[in-house]
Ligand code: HEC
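Just the one chain here, laid out as structure tokens, in the form predicted on its own.
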């Protein structure tokens, strides 16, 4: 009992010391830091890897992208105030993966629309570019495979995706996803043959004139259903025969009229070439 009282008295005396507060704070900081290092070594390693990836991406960016988008992705304006290359702050790694992964970037020269072409960078380089652009400001990240994988064998997913697509996408991309013309020399590209990941990223980031369908507007599940609908259409054969590119009723109607004109013209020409009776002299056979 006396021992307990002596210990309590000593502790009370030390608590009154001016060094007690800083000592307790120092012990708490050391304990917290030690626990963090002990319990999260993978996180520290990941941070180092991310820093290296960002540095690699910046080196690639300065060579292939800075001439249009600026050294720090701030964008470049022309002397007339037009946008030569837009700012990339906030577009996220998903926009980089789509634009560079489809060959649209880097552009050969400025134009009304970036065209899909051969991909210049490897996937590792694209990931590094995405890491650098993502470090500029928060933005959409590259989706995981389970978010965009098409479920063509799920009739409900395909049906829901068809409803979303007809409501939000057919005005530009047409009912079959074949694309269509837009003002000022632009166009909505065909969605046939586009990878599932790039379809998801296009909806998520809204490249060029396309609206942005963020996860708050169309949930990841909604996007996946739309992809399921598009891929199901690709897998379904054309039971009606020649599709004419599925461009729409205008092209189909024009083809029908041209075909009808050819048939009528051929009929007139055939009837004009039939044998005709001729007047002959008496005794001759016509």
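Positions refer to the first chain, counted from 1. Remember, predicted model here, so these are calculated numbers, not experimental data.
The same protein also has a form predicted in complex with this ligand, omitted here; what follows describes it.
A.B. asks: With a 4.5 Å heavy atom cut-off, would you call residue 179 a contact of this ligand in the predicted complex?
C.D. replies: No - in the predicted complex, heavy atoms of residue 179 and this ligand never come within 4.5 Å of each other.
A.B. asks: Residue-level contact is defined here as any heavy atom of the residue lying within 4.5 Å of this ligand in the predicted complex; does residue 231 satisfy this criterion?
C.D. replies: Residue 231 lies outside the contact set for this ligand.
A.B. asks: Can you tell me whether residue 157 touches this ligand? I mean in the predicted complex, with a 4.5 angstroms heavy atom cut-off.
C.D. replies: No, residue 157 is distant from the partner.
A.B. asks: Quick one: does residue 142 come within 4.5 Å of this ligand in the predicted complex, counting heavy atoms only?
C.D. replies: Contact with this ligand, no.
A.B. asks: Heavy atom within 4.5 Å of this ligand in the predicted complex: which of 72, 208, 214, 135 fits that? Just give me the one.
C.D. replies: Among 72, 208, 214, 135, a heavy atom within 4.5 Å of this ligand in the predicted complex occurs only for 208.
A.B. asks: Mind listing which residues of 167-194 have a heavy atom within 4.5 Å of this ligand in the predicted complex?
C.D. replies: Those in contact are 168, 169, 172, 173, 182, 187, 188, 189, 190, 191, 194.
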